[in-house]
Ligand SMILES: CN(C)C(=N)NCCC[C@H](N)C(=O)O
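As a starting point, one isolated chain is supplied in structure tokens, in the form predicted on its own.
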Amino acid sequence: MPVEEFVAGWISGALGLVLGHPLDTVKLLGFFKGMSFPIASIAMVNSVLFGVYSHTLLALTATSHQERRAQPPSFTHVFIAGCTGGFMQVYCLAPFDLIKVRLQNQTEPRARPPGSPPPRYRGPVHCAVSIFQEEGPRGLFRGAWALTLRDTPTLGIYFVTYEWLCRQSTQDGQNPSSATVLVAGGSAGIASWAVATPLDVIKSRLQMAGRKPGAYRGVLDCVVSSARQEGLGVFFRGLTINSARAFPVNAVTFLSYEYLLRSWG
């Protein structure tokens, strides 16, 4: 099985993270807090996403990445491949995403009042060990159902949006220009987050709740409880910052992915 798509996905994910990580932690004092941890995890997740997407299209259409401009797959096949990539990446993403959310939601040392207790987690490894000890192996996958519901259809929409915009601005059989890839990739990121934000809110709440008293009993309980207490607007909290982050991150991700695959021939 060719590995170029996995390697290109790894590198493009890392490049996108370097651009997007400050916005992902904008509510904190340290813009690049925890950079060493996500640089490896998100790159791996992106590798799985793009690799599985490309190989699913290969199985569905019998065309390689280089052949797909001359023989473009149907949008149904693109959606199925995107959903498959999204579903598979959840198995890699869930523990890393949980640790990232827990670390980002604890107070920065210099932001704590004098005399307050130290941060609960000393780093990603300590966070993972603590969750495992306190909540068991399943604790590392807390919020995974919401993550699956978020990523499976969302990434189908993500790739369909990208492909549709590229085809609208490119002659048949030709590769899209760099400008087209940037606009299409950024727009795909915004479109996917517009769909994903409600479930991202639910996912984060489930991850933060853990086994605390009064924790949610599951996805549905979290949805109902959140809507009752804060109204339906709570499910779109963070949409603006997600969209602002999504455009440049996904523009760079797709541009670097396409460039790498083209340069490797």
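Note that the coordinates shown come from a computational prediction; the quantities given were computed from them, not determined experimentally. In case it trips you up, residue 1 is the first one in the sequence shown, and so on.
Form predicted together with the named molecule: not shown, discussed below.
The closest non-hydrogen atom of residue 252 lies beyond 4.5 Å of the named molecule in the predicted complex.
Contact check for residue 150: a non-hydrogen atom falls within 4.5 Å of the named molecule in the predicted complex. Residue 162 falls outside the set of residues with a heavy atom inside 4.5 Å of the named molecule in the predicted complex. Contact annotation: residue 193 falls within 4.5 Å of the named molecule in the predicted complex, judged by heavy atom distances. Only one segment in the set 151-159, 136-144, 67-75, 174-182 has residues whose heavy atoms sit within 4.5 Å of the named molecule in the predicted complex; it is 151-159.
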